[in-house]
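One chain follows as structure tokens, the form predicted alone.
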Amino acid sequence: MFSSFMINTWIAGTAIAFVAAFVGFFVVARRSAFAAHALPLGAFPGAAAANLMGINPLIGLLIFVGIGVFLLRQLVRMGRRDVGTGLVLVLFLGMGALLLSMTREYAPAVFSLLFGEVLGVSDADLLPILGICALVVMGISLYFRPLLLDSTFPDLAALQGIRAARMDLVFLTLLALVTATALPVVGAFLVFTLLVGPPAAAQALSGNPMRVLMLSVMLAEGCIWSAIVLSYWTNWPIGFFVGSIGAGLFTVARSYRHWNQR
């Protein structure tokens, strides 16, 4: 479990869980779980295209999440956010199906992109993942206060001159970057579980934003570490354990809150 070939997975998983907890805090605060689900599936065709062209899948992921953010913002301006998100989702799922039909990639590689692979982080992938995680941390540090205010008290943020459109772009960009880094490890279908499960559980346990943020980090790290261990022991997809543990954390947290309110 702590062999040399697992070190990259532990490092990447820890870094991804850290930034996913911070961005997930804003996903829950802004009620944008649908966007957190759509962008990973929108990134998946990028990985398929990269495999088809013989380039690093991370490049394809970054390109397609960038396209997803652009389309999402344009479609939202033309109608409701949920409708725009749904259109982006079905468009990219169709593109993914097309690209997969054109690639000769063997089934386990496609499976790992969808559901994650505990041994999927190579030495060549680790540095870009850590670099993107560092970029996300810098972005959060720079925009934390205005993004927090816009997410929790949008009217007050507008009075202080904080532009909602700009904060929405910052939020979607950070979400896209986390999506691109997390997808090779936990898979396209369950990236959003890591973004939503631990932060939602933390929000159910506390109403203090800073406490919620710290709890989100702790729960996300515990979630990814447990998933890595269980995936290593059972040889089951890591995405399955991330999804199950994330849902379990939220269920336990909500039950605890309900019990205390009785």
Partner chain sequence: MSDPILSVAHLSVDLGGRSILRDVSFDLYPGQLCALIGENGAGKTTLLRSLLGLTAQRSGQVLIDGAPADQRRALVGYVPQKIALDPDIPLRTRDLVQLGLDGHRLGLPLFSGRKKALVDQALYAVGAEAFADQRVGELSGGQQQRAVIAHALVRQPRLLILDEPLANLDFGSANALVALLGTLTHIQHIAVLVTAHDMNPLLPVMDRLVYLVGGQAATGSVDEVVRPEVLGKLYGHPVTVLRHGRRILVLPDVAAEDAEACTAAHMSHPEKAD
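On a predicted model such as this, the values are computed, not experimentally measured, just so you know. Positions refer to the first chain, counted from 1.
Absent from the display: the form predicted in complex with its partner chain. The rest refers to it.
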query	finding
Residue contact check: Ala165 to its partner chain in the predicted complex, 4.5 Å heavy atom	no
Contact test in the predicted complex: Asp123 vs its partner chain, heavy atoms, 4.5 Å	no
Close approach of Leu205 to its partner chain in the predicted complex, 4.5 Å, heavy atom	yes
Contact flag, Ala33 vs its partner chain in the predicted complex, heavy atom cut 4.5 Å	no
Residue among Leu130, Leu148, Leu172, Leu91 with a heavy atom within 4.5 Å of its partner chain in the predicted complex	Leu148
Listed residue (Ala29, Val217, Leu230, Ile59) with a non-hydrogen atom within 4.5 angstroms of its partner chain in the predicted complex	Ala29
Location of its partner chain contact in the predicted complex, chosen stretch of 66-74, 46-54, 196-204, 219-227 [non-hydrogen atom, 4.5 Å]	196-204
Residues of stretch 130-162 in contact with its partner chain in the predicted complex (4.5 Å, non-hydrogen atom)	Ser141, Leu142, Tyr143, Phe144, Arg145, Pro146, Leu148, Leu149, Thr152, Phe153, Asp155, Leu156, Ala158, Leu159, Gln160, Gly161, Ile162
